[in-house]
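What follows is a single chain, given as structure tokens, in the form predicted alone.
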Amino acid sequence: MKKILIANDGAHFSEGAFQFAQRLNELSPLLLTGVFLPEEVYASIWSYSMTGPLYIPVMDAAGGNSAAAKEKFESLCVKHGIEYRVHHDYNDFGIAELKRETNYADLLVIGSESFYEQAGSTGINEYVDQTLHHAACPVVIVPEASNFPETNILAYDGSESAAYAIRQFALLLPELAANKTILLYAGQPGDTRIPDQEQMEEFASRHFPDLTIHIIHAGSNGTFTSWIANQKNALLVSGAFGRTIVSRLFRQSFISGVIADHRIPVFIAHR
């Protein structure tokens, strides 16, 4: 049985994130831990001083009044027969507390549109971005209106980071690995093979029984974004988010754009 965290801030409850966790529970029973963080953060939790992390106090704009969200979480868990726990009463350092929680979880699920939505952003808001950078376990970012995935898109650029994320996804969510899977490689014109193709095929075909390799020849992220937009009921698997040098074609902005587009869930794992 896996332990999955689902994070909400203040009174904001992500229906999309909960529905994703609910469907995972239907495939394989899990322990779902609801983490309810303060609603409003005054400044970046992950600022660094000369001596180390500079943790800036947070304040719940609703005065800690997230009772309705917690009650909704609990009632939905009971309704759907999900074993659950509730963690709350974080008075300071909300995002730092969430990082600590991820040390003891298999997967974190957050809503791409509702998580600290009051921060505002035309792309990924600061708190989603920092959570992706610092979570100790893999993260799934889920839009509010997405369908449960029936297709996996594995973003592969030949890097150790990409291979690691693919392996983590296969081992953590084997029920989804059984879905139709596309290993997506960003290539140059004329490319007909992917890096380490023999090794990757040997590994991936063991975990993804319905696997195809797709090479896109392009020089801009727009091509990838439009290609993914045409994939119905898909989930994107990506490696390190801003931690290592990303290939010239799978840039961080590409992954950020997919998340900000709020069309499909995105699974991100880093070492």
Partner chain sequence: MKKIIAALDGLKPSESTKQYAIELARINNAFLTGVFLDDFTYTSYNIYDVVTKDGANERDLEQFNREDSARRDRAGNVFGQACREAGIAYNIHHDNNIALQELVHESTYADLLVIDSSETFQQRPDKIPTRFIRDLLPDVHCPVLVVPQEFRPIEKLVFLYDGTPSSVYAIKMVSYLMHFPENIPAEVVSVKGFYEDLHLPDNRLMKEFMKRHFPQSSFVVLKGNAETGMTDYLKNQKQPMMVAMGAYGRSNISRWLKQSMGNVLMKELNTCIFIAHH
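Numbering follows the first chain given and starts at 1. What you see is a predicted model, and the numbers here were worked out from it, not measured in a lab.
Only in words, not in the display: the form predicted in complex with the partner chain, which the text now covers.
Visitor: Does any heavy atom of L171 come within 4.5 Å of a heavy atom of the partner chain in the model of the complex?
Guide: Yes, L171 lies within 4.5 Å of the partner chain in the model of the complex.
Visitor: Should R100 be counted as a contact of the partner chain in the model of the complex, where contact means heavy atoms within 4.5 Å?
Guide: Answer yes; at least one heavy atom of R100 falls within 4.5 Å of the partner chain in the model of the complex.
Visitor: Does the partner chain get within 4.5 angstroms of any non-hydrogen atom of T192 in the model of the complex?
Guide: Heavy-atom contact with the partner chain at 4.5 Å: absent for T192.
Visitor: Within 4.5 Å, heavy atoms only: does M200 come near the partner chain in the model of the complex?
Guide: Although the partner chain is absent here, M200 would touch it in the model of the complex, with heavy atoms inside 4.5 Å.
Visitor: So the partner chain isn't shown here. In the model of the complex, which residue out of L31, L211, A229, I215 has a non-hydrogen atom within 4.5 Å of it?
Guide: Selected option: L31.
Visitor: Between the options K180, H80, R85, H133, which residue brings a heavy atom to within 4.5 Å of the partner chain in the model of the complex?
Guide: Checking each option against the partner chain in the model of the complex, the one that comes within 4.5 Å is R85.
Visitor: Choose from 157-165, 142-150, 67-75, 184-192 the stretch whose residues reach within 4.5 Å of the partner chain in the model of the complex, heavy atoms counted.
Guide: Among the candidates, contact is made by 157-165.
Visitor: Would you mind checking 137-154 for residues with a heavy atom within 4.5 Å of the partner chain in the model of the complex?
Guide: Going through 137-154 in order - heavy atoms within 4.5 Å of the partner chain in the model of the complex - there is one hit, C137.
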